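To begin, one chain is listed below as structure tokens, in the form predicted alone.
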Amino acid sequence: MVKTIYQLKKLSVNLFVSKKFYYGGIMNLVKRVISILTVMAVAISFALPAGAKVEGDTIILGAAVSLTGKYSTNGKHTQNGYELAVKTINDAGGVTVGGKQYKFDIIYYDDESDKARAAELAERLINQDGVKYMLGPYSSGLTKAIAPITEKYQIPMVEANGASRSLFTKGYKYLFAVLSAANQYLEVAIDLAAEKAVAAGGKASDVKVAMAFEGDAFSQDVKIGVVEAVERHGMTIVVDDTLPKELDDMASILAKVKATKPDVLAVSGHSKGAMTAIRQISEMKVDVPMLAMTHCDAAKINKNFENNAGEYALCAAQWHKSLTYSDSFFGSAGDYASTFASAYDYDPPYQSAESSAALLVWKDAFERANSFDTEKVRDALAVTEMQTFYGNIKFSDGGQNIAKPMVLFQVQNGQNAVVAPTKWAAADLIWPVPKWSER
């Protein structure tokens, strides 16, 4: 209703300046209409909580998401996760604030996988659309572009897809991330390689590691975690290369891998990088005992290749449907997976699951704050402590989720089977990976 009143007011102003209505009596009438509408708008604005972007019974959230460009695959997974949560929460009665029920809605813009565009859209959502509560974009790089803007305007943002640990060392007070930090993604794979080396009668320090990482903020943080784990075990890095910007060719890197014969190959380049790696490893018949990657599930490497090319890949994940987490909205992780698959006709990658979890965090914070005031809601977010189907969520002072570990799954017989941590393992790790001549 507020929006409608302001639209009518704008229309009245346009009529006022039009030559068609340039007559005294009509002008006086238009002036009176403007005066009445202004009084109504002011009255309604005072009836709403300070700072709220609420229209009628709807809480408006804003999101810039990569629907085109190199991150578009995961951008769509992100949007699907948001949309499923909005529908689920709304269908269950929505959000209760001040004894009244509200529904969620989201204003989306396509950031085109571009940092400058993402920053521009954050400004637009806040300054033109009046959004007071933000959802994050896809990727650490784009989250880094938006976070300074939401911080400047003191707009709380719950983000689900920016894992770079540098996001949580800036002193941001309005940024809250439901996912584990990027440096945790593949370090567990290095620890696993050390464990297997010792179990086979060797030493952890005997392990040779090859690395191929995209140059973006997320992948470079993944690399930091790998390097720290390598140094901790006294291992040797034999290949250290950067994936090309467009993530479309790593043949020269794989030639080095074939020549140096590492025990572990670690790759991080989002969905497109994962697809390129699996395709070219298969084409070039690169043998490596352990292939550890990010974004395998988002790229659907267990389904998208002929001849089971993605088989045995070891993949870092924020979440998996076999885990035992649950909540009162989606049920178990497996229940969420079933609901998602019914809605979108594919299994949910963790990018979708964590995006859905972000909406559960928003609902919880609004209800505990019992207010739409951005400062009160921000304070409620800061003391969040809850379990969702996606995992436990509790924020550090820097906004990082400190209550949920990463998991590793391995593609086995075309399925993603969790193999670590042992507490949640659904299958035994197949190691070493069979050579291509033996498959």
Partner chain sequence: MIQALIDGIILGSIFALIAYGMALVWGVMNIINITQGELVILGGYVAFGLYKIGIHPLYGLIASPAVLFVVGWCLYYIVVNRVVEKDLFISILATFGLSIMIQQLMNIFFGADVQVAEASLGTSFLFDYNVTIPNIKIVAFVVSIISAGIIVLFMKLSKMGQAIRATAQNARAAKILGINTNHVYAITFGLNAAICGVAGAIVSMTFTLHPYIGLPYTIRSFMIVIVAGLGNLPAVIVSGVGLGVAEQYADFLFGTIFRLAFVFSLLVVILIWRSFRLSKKREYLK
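Numbering follows the first chain given and starts at 1. No experiment lies behind these values; they were computed from the predicted model shown.
One more form of this protein exists, namely the form predicted in complex with its partner chain; it is left out here, but the text below deals with it.
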Requested in this report: Would you check whether its partner chain, in the model of the complex, lies within 4.5 angstroms of a non-hydrogen atom from each of G69, K272 and N304?
Outcome: yes
**Report entry** Residue contact check: I253 to its partner chain in the model of the complex, 4.5 Å heavy atom
**Finding:** yes
Query raised in the report: So in the model of the complex, does Q280 come within 4.5 Å of its partner chain, heavy atom to heavy atom?
Result: yes
Query - its partner chain contact in the model of the complex: T242, any heavy atom under 4.5 Å - result: yes
**Report entry** Heavy atom of D364 within 4.5 Å of its partner chain in the model of the complex
**Finding:** no
Report summary line: Checked E231, D91, D129, D249 for heavy atoms within 4.5 Å of its partner chain in the model of the complex; positive is D249
Query raised in the report: With its partner chain left out of view, which of T143, S164, S180, T73 would have a heavy atom within 4.5 Å of it in the model of the complex?
Result: T73
Query raised in the report: Heavy atoms within 4.5 Å of its partner chain in the model of the complex: which stretch among 169 to 177, 154 to 162, 280 to 288, 121 to 129?
Result: 280 to 288
